[in-house]
Structures are given as structure tokens and as C-alpha cells.
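This document starts with one chain, in the form predicted on its own, laid out as C-alpha cells.
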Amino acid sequence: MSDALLEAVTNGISFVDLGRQLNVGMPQSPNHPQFWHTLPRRHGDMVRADGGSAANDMITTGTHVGTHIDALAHVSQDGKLFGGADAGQSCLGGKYVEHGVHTIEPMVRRGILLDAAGYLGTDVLEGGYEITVADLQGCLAAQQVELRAGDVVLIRSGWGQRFAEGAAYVGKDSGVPGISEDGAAWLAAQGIHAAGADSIAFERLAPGGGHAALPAHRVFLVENGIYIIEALDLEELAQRRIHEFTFVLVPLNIFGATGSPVRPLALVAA
């Protein structure tokens, strides 16, 4: 029996890497431990009798640093996780047994890019701009795509272009563009599986407000069981006008963690 997926791969596919390179000092939310990488052993520190040498690495990192996915255990509301799970009792032995990142199945799904910045006629949306439901609907119409239940929806504000600027990407003073509670509720009503953006906290951050209020996180993670992917690189997808693709993402299988670094891919026929 022939395998249609294998045949498609054999016929040729191309991919767009949606993940950020992990570097010491990269911008991140101040709420999470930073990424650190060092080489405990370098070539020449130990040389075998045959002249061979090996180097090795050590990393420490928060699980919500760089391009990453939020598990449902990441956010609670009034002491409850998704499905009414008790946030306190779900943490056993320092691990979130219920709704930890180990419960996220690998994703091979239909992906949709909503290039909100492009639709609104700009390269980068202003800090604190709210991407409204009307913006989302207009973008879908302009791109001639429709949402389906189970999709992964990626929203481009253009803010990802500021990643290399560090503090400007975090947007403490300027705010950060993104959807608000209304946008999250509308997307959730479409039955999507996950949503992502090119910004540090996925949703709109008000100028000067930092991470003080994150209603879209509550709507997605607590009320609807929808995963959130942050700090994506969506520029190449937008430049190539790839609005529909096969989305592939596999979190690290860390038992009880609230999130995981990821390197998602968008696959299209070559």
C-alpha cells in the first residue's frame, strides 16, 4: 500500500523555519529565567592518546524563553486550570502532572498565517495596537483563506523584526501589538487547536503596562484549552505570501513543565 505522505515528501517539499535561534542575551519576558549556554569542555581540554578530542555543552533556560509553547498548566484563573482542574493539587512533587507540557501531542496540522500588518498596509504595527476581530476577518477575506476547526493560526504583527533590538522587542514602554480578549474569544469560537504570534507575549501589551494583564492567555489556556506559541519568526512566510501550510511542532517531552522551547516548521510543496 502506498503512503501518500511519503509520496509527497519524495516529490519534494520545502520548509520555512519559524523558530528563533537561541542566544545568550536574547530578549525575553522578565518573568522567566534567562537562557544560558556554556562549554564545560572544549577541544584540547582533554586529548585522547590517539589525538582525538571532544567538546560538550551545558544549557540552563526557562521554558518560556525564545520561540516556545505554553502548556495549559502555564496559567490559572481563580485557582483553576483548564477543565476545572485544581491548580494547586495538579502540582505534585513540583511537577504539573495535569496539563503539563508532556500532555501536548506532537502537532502536524493545517497552519494559517494571518498577516495582520500586511493587511493593514504597514510593515510593523505600532506598539500597543489591538488587532481587532474585524482585522482578523478582513485579513482572512483578503488572503482568501478560511479557518477550520483544528487549525493552528499564526498572527503576524511585524513586531518580530525588532527581536534583534532586545529591549524594543520586549516593549515595556511602547507596548506590543496583538489581539485582545475579544480577538482571542473569536478565534476560540472557530475551534482552533493553537495560536501563535511573532511577539513576546502573543497578545496586546498596553504601553507601559508590561505583562500586568493577559486576558487572551486566560481565554485560550484556561477557558478553551488552546495552546499558545510565542516569539515566532513569521517574516519569510509573509514575504513568500504563504498563508496556508502544513504546520509541524514537537515540544520537548519534559514531565510536568509549564512550557517548552520549540522549533516549528511550515511545510509546503516544492
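One rule holds for the numbers: they count along the sequence shown, beginning at 1. As the structure is a computational prediction, the values presented were derived from the model and not from experiment.
Same protein, other form: the form predicted in complex with another copy of the chain, not shown, and the subject of what follows.
Participant: Looking at G138, G150, P106, G83, which is the one with a non-hydrogen atom within 4.5 Å of another copy of the chain in the predicted bound form?
Facilitator: So the residue touching another copy of the chain in the predicted bound form, by this definition, is P106.
Participant: Can you tell me if G121 lies within 4.5 angstroms of another copy of the chain in the predicted bound form, counting non-hydrogen atoms only?
Facilitator: Contact check for G121: no, nothing within 4.5 Å of another copy of the chain in the predicted bound form.
Participant: Consider N224 of the chain shown here, and say whether it contacts another copy of the chain in the predicted bound form, taking contact as heavy atoms within 4.5 Å.
Facilitator: Residue-level check for N224: no, no contact with another copy of the chain.
Participant: Quick check on R240: any heavy atom within 4.5 Å of another copy of the chain in the predicted bound form?
Facilitator: Answer no; every heavy atom of R240 is more than 4.5 Å from another copy of the chain in the predicted bound form.
Participant: Is there any non-hydrogen atom of P207 lying within 4.5 Å of another copy of the chain in the predicted bound form?
Facilitator: No, P207 sits far enough from another copy of the chain in the predicted bound form that none of its heavy atoms falls within 4.5 Å.
Participant: Can you list, in sequence order, the residues from 47 to 78 that come within 4.5 Å of another copy of the chain in the predicted bound form, counting heavy atoms only?
Facilitator: R48, D50, G51, G52, S53, A54, A55, N56, D57, M58, I59, T60, T61, G62, T63, H64, A73, H74, V75, S76, Q77, D78, in sequence order.
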